[in-house]
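One chain comes next, on its own, written as structure tokens: the form predicted alone.
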Amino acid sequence: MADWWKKSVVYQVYPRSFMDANGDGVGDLKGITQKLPYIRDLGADVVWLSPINQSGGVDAGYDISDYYQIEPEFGTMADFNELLQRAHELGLKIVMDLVVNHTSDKHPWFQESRSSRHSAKRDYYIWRNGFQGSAPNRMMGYFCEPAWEYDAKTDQYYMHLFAIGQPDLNWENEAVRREVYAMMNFWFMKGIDGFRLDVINAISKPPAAVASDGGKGANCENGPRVHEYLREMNRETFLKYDCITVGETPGVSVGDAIRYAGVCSNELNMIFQFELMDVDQDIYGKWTSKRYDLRDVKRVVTRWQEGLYGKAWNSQYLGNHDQPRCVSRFGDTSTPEYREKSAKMLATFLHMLQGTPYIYQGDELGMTNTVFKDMSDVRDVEAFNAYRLYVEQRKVFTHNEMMRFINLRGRDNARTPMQWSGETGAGFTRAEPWIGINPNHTQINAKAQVNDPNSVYGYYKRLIRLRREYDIITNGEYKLIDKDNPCVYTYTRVACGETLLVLCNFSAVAQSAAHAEALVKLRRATRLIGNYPPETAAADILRPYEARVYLLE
């Protein structure tokens, strides 16, 4: 089957915040269907839906209580069928989120599992005896809390790498794997075009992680049988369909990525790595005001561009439902001009790299982080757990410090409603929204941009069009230029005697571009795109947040 996904652009929809068609303050499937022409007009050709399955409501859909049903807040299976049909009519492919490291504690499997130590489904989950009156071991989960929860009815603990309401499935149990593959084939037979696999590299637990010995536990990423499971999954599901598969895989190296998504791996098409997302972390992880260093960004991106070339396929992203808004994090929102210029610059940087680009809803408008005045404005379980741990328990941060970090790095920044218009409700809803709308929707919204070729939206359209027109953007080999420059990111892509030259100023100060302009003067150059008018450009100067792309022949 053709690797069509290498030429594709993926648009991620967070259903709860995309479009509310029935007026209850929550986005839904009918709302997504209404807005599919918008996505098609942008130029994307794959739509990734964050979870739409029936959920326990603990972690924004990532705690599934029924894999075969639609979350009632989002609509019905008939609504999904309509969405899928309309998407295919428009030439769009639909990718679903597959959450099978864990389920909701409301899932019937878990309800039966916890009913008795002798339950037929007891071994569907990971249960252990305590150690000396406490948890089996001291392993911590991803959400700032212990990875074990005591269940009094059966006097044992169950593992949950995420929230307490998200018990981990036991992939050692073949019956669990058969259930998962049957469910996946159900959705493929309905006509979906692929899966994004949530934290899929954590499904195989090392022995130390599940030991009931009071020890530290172990990292569950890239466990001992994970590749065996994914090759089995591939045989039982993916190989039967012309589909796209991307695995969310925290804690991976380039070598790991090649094992997961190499040209001969027989596992996945590509993975999401987190090394770039961790480039500005500090001693307490994401809860910091530390600003990234561009030289670190170059180091990370270059390692992945060079390391996977010809061996595996990159997935390119600067934001998603788990990250703050990319223009607030990597760009500059201090003025409207800088916000617009830096949003376009970041898009240029991303879309000219080798790999499939992922656009998170609203980034094509330059949507920004919002302001959460207090914890009452927050909805994310991760933020609540972090506040409890670092403010109330350990007293590492003050309330004001933690609110600052949540405003900078919290996941809710990406989950505020899509800004369709400047009207009350941002064109998203006629009701009280489930989470507050960013007040800047009156200036930043789709209605103001879709017919303006000079807008951020218009610029994204031009970038996506270039991917269709120039194979070098898909196939060219990456080379970094001027690696120690702390403000300017310059790289080339080379293929078949042509060179693509990409220049991006990541600063608010004009920078020299002499090192790159020398290349332009030596060869016949065509300027493909830029975020400043070309007639005003000084050849050897990059203005604040300026981006330029040349094709050199």
Ligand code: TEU
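Position 1 is the first residue in the sequence shown; the rest follow in order. Remember, it's a predicted structure, so these values are computed and weren't measured experimentally.
Keep in mind the form predicted together with the ligand is missing from the figure; the text below concerns it.
- Listed stretches are 370-378, 409-417, 445-453, 301-309; the contact stretch with the ligand in the model of the complex is 409-417, by a heavy atom cutoff of 4.5 Å.
- Checking Phe80, Phe405, Tyr125, Phe143 for any heavy atom within 4.5 Å of the ligand in the model of the complex turns up a single hit: Phe143.
- Checked against the ligand in the model of the complex, the candidates Met352, Ala257, Val99, Val327 yield a single residue with a heavy atom inside 4.5 Å, and that residue is Val99.
- For the three residues Asp45, Gly91 and Asp193, a heavy atom within 4.5 Å of the ligand turns up in the model of the complex in no case.
- Within this chain, Lys121 is remote from the site of the ligand in the model of the complex, having no heavy atom within 4.5 Å.
- Contact annotation for Leu365: none of its heavy atoms lies within 4.5 Å of the ligand in the model of the complex.
- When the ligand is considered in the model of the complex, Arg339 lies well away from it, no heavy atom lying within 4.5 Å.
- Taking the partner from elsewhere, Gln361 is found to have every heavy atom lying beyond 4.5 Å of the ligand in the model of the complex.
- Counting a residue when any of its non-hydrogen atoms is within 4.5 Å of the ligand in the model of the complex, the one hit in 60-80 is Tyr62.
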